[in-house]
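In the block that follows, a single chain appears as structure tokens, in the form predicted alone.
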Amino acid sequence: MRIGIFGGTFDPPHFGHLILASEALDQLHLDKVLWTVTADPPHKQEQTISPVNDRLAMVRAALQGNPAFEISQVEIDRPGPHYAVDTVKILQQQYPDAEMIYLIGADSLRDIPTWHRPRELIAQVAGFGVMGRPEVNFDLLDLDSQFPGLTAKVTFIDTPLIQISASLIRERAAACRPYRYFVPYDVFQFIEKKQLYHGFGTEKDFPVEQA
């Protein structure tokens, strides 16, 4: 079994996340993608993040209907901060016969020297599925000189350019600007009902259906 590990705060999950995960599933020949919702990301200690139960509920809403996408609570069921190397180790214990493919953006690969115990992480995983970003440039050969064998584990995923980000959605919601078609409808419903990002009002053109 080949399992993709797709970690993030997912605040909120959006169509960009879903497209990237779907392309990884197809191009890397994965059997499933585990979406690991990070409760306490070490690189966002100064950033306000929505409650983990709300983010978990949004991811659950976004993934419904695709049996190849599953939620993992490995970063929720243990105290933080949560590091990738520890997450992979726990998931490997849960799936002892699986190959673990860690899904990251090109910026994360570029910054891997700054990660927590990067050599151990590289040794643990069967590969990295890297989602390219046109604005990110780095020297893979230079990284390989620091971490021998890294290049052999890197596969770049060919993905469409998606100009959607969770921060953009939060900004639009805070300003009461449209974001309805950036996220699955059930995620939109949840955000509006909970008033997660703007604290008042709903989009006038897209009223929330009453339960």
Ligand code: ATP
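It should be emphasised that the depicted structure is a prediction, and the values quoted were computed from it without experimental measurement. The numbering used is simple: start at 1 and walk along the sequence shown.
Just so you know, the form predicted in complex with the named molecule exists too; it's not on screen, but the next bit is about it.
Interface residue among I164, A68, V154, A174, judged by heavy atoms within 4.5 Å of the named molecule in the model of the complex: I164. Annotated contacts: I104, D107 and M131 all touch the named molecule in the model of the complex [non-hydrogen atom within 4.5 angstroms].
Contact check for L196: every heavy atom lies farther than 4.5 Å from the named molecule in the model of the complex. In the model of the complex, the named molecule lies farther than 4.5 Å from every heavy atom of Q189. None of the heavy atoms of A24 is located within 4.5 Å of the named molecule in the model of the complex.
For R170, a non-hydrogen atom is located within 4.5 Å of the named molecule in the model of the complex, even though that partner is not displayed. Stretch-level contact check against the named molecule in the model of the complex with heavy atoms at 4.5 Å: of 119-127, 132-140, 83-91, 69-77, the positive one is 132-140. Using a 4.5 Å cut-off on any heavy atom, none of the residues of 61-85 reaches the named molecule in the model of the complex.
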